[in-house]
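First, one chain by itself in structure tokens, the form predicted alone.
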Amino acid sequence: MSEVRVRIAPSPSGNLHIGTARTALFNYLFAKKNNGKFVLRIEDTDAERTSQEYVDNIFDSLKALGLNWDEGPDVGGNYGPYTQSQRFDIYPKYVQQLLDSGYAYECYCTPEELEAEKEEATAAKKAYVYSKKCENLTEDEKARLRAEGRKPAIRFNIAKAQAAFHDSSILEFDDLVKGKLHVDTNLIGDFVIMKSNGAPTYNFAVVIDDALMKITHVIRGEDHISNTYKQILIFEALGFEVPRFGHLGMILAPDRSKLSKRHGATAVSDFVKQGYLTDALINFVALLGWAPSDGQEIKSVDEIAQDFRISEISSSNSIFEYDKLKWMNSHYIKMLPIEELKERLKPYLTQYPLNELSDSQYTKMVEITREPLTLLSDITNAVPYFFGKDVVIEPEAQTETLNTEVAQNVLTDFVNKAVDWEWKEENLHEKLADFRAYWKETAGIKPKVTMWAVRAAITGRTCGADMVGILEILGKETSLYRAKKAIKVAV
């Protein structure tokens, strides 16, 4: 196969999971590294769980991450359709080919009969393997069963396929990530490739789709390893070239359990809503099981693609460290140009009357509050004191700072002196420096204690953005109004 072709084939039964996003990323990187094609296929055969909302979420999430596909449902390509539910007329031909060649057979077993077999195996403390009771039914026996109203499912004949293409019952393949993997096919059992209602099963449909779309490499989660053995045999039985397979370790929560919503966001769209930048998210996800050769973790997708080598992906599970993701996100927030950051923050500021601020004031507010942001959404709680005349005083700021004699004296002096200050940044810097120095020299009050009093009165908090910037944005009238209001005895 001359051209590398990989695919991501999510099921639209939920929003795009971060684990699926990582699989998509590694496929995308592998394609770009090898000048290949990245294909998006929607596997929507589970009609009860599928919705257009989830399809749209998959599209939007992948695009937000910059993982644009070369072929897919919306952009087309030479091997469509790229939505599985539109391919149902393709599968019966290949089922019939397997039936004609003896690699598949009709199975008339009822669910009750199959359940009885499983119970018998459980009672004997054996792993369940289908009994093959329908493998050699005569035409008369099939006619009788059909007369009873039974519709057959189609099962793949494992033993016959294995014997035709391999020297023993051991099936082995060289995994791109995990190395040599093998299984004894006697333990698999003949599995259904087409249900009695005519619907293809996953393991069958995915082989046909991958073969007809000329997929050369299948990179996916290690939970598919058991499926891979079955699929290899179907590829061989139909005379298709078997693609190379690579299986990624799982993504686990910090407590090493399965990553779930109880640990935090798990869908790409949830991370975006919380204020994670997609550049940070994709950078972080790339490091789940892979490390750059130069040790530099902050990289663009293009830089990662140039450095990416699938053989260097760890075969172990990866831990999803939310704290590290936040650190990385904060780095990307700091890297954003101020004008872009201003726009990115607006969705998280809708509860505030931004029209109260001029563009220069809004710019200043973003400049002095961006440093501690780990999420874009952090801005919501970082800026309430920039709006309105009054301010809500936090209980701790009131009891531990404003209610002290020192704070009251400092505020009284501040109001008396600041009324004559020129309210511009350079002058405010100078005046506040002099103000702090005065209280240290005359009363031995540490500069930070002096500023705690001013900050608590004007912002309602004892920590936050640069005080000079805050005073400049609020203006003299509002700043002095709040300071006066915090003094217990009117000045």
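Just so we're clear, the structure is a prediction, and the values are computed from it rather than from any experiment. Counting begins at 1, following the sequence as shown.
What comes next is about the form predicted in complex with glutamic acid, which does not appear here.
S.K.: Which residue, E43, D70, D60, D466, is the contact with glutamic acid in the predicted complex, using a 4.5 Å heavy atom cutoff?
M.R.: Answer to the contact question: E43.
S.K.: Out of M194, L341, L411, V206, which one falls within 4.5 Å of glutamic acid in the predicted complex, going by heavy atoms?
M.R.: So the residue touching glutamic acid in the predicted complex, by this definition, is V206.
S.K.: Does any heavy atom of R370 come within 4.5 Å of a heavy atom of glutamic acid in the predicted complex?
M.R.: Outside the cut-off, so no.
S.K.: Could you confirm whether L480 comes within 4.5 Å of glutamic acid in the predicted complex, counting heavy atoms only?
M.R.: Answer no; every heavy atom of L480 is more than 4.5 Å from glutamic acid in the predicted complex.
S.K.: If you check in the predicted complex, is P10 within 4.5 Å of glutamic acid, heavy atoms only?
M.R.: Residue-level check for P10: yes, a contact with glutamic acid.
S.K.: My question is simply whether R155 lines the interface with glutamic acid in the predicted complex - judged by any non-hydrogen atom within 4.5 Å.
M.R.: No, R155 stays farther than 4.5 Å from glutamic acid in the predicted complex.
S.K.: Heavy atoms within 4.5 Å of glutamic acid in the predicted complex: which stretch among 156 to 164, 301 to 309, 219 to 227, 357 to 365?
M.R.: Only one stretch qualifies here: 219 to 227.
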